[in-house]
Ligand SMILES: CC(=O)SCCNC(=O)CCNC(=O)[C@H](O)C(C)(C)COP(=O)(O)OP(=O)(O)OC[C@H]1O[C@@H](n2cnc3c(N)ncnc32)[C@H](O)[C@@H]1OP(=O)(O)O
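Only one chain is shown below, in structure tokens, and it's the form predicted alone.
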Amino acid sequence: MTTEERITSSETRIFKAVFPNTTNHYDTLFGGTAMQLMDEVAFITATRFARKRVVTVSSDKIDFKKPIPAGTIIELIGKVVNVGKTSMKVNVEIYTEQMYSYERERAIVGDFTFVAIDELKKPIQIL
């Protein structure tokens, strides 16, 4: 399988409903909760691409473009955007959807860098 085919096949999409127990006093999704969900989707994407143990080494410029209100559906999309010798960068976007309309908009975007590791937690080649 080529690198491009691996990138395409590792794209990860997860849907969640935003319930009140995940929102702040403004009735919008906590930023930390959004970042946790993004890191989880990025981890799954990186693992599906590398098929090795991976760990998050950094998150980069997470832009909160729109608040995410309770009572919406969110879609998290993870895509590998760059591959190095032992690391890869995964872009994650969160889209909001109104439950009872076809309205959809991008709310948050950010990048996460992962390193592939062996059993001794030493970096190893991805490809």
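Being a predicted model, the structure only gives us computed values, none of them experimental. From 1 onward, residues are counted along the sequence shown.
As for the form predicted together with the ligand, it is not shown, yet the points below apply to it.
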So, the ligand superimposed from where it sits in the model of the complex: by the 2.4 Å backbone or C-beta clash rule, 3 or more atoms, this site is open
Assert contact_stretch over 30-38, 69-77, 98-106, 85-93 against the ligand in the model of the complex, heavy atom within 4.5 Å, equals 85-93
Taking heavy atoms and a 4.5 Å cut-off, does I117 contact the ligand in the model of the complex?
yes
Exercise for the section: Would you check, heavy atoms only and a 4.5 Å threshold, whether T113 touches the ligand in the model of the complex? Expected result: yes
In the model of the complex, does A50 come within 4.5 Å of the ligand, counting heavy atoms only? no
Next item on the list: Decide whether V57 counts as a contact residue for the ligand in the model of the complex under a heavy atom distance cut-off of 4.5 Å.
Entry: yes
Checked 25-46 against the ligand in the model of the complex; residues with a heavy atom within 4.5 Å, sequence order, are F43
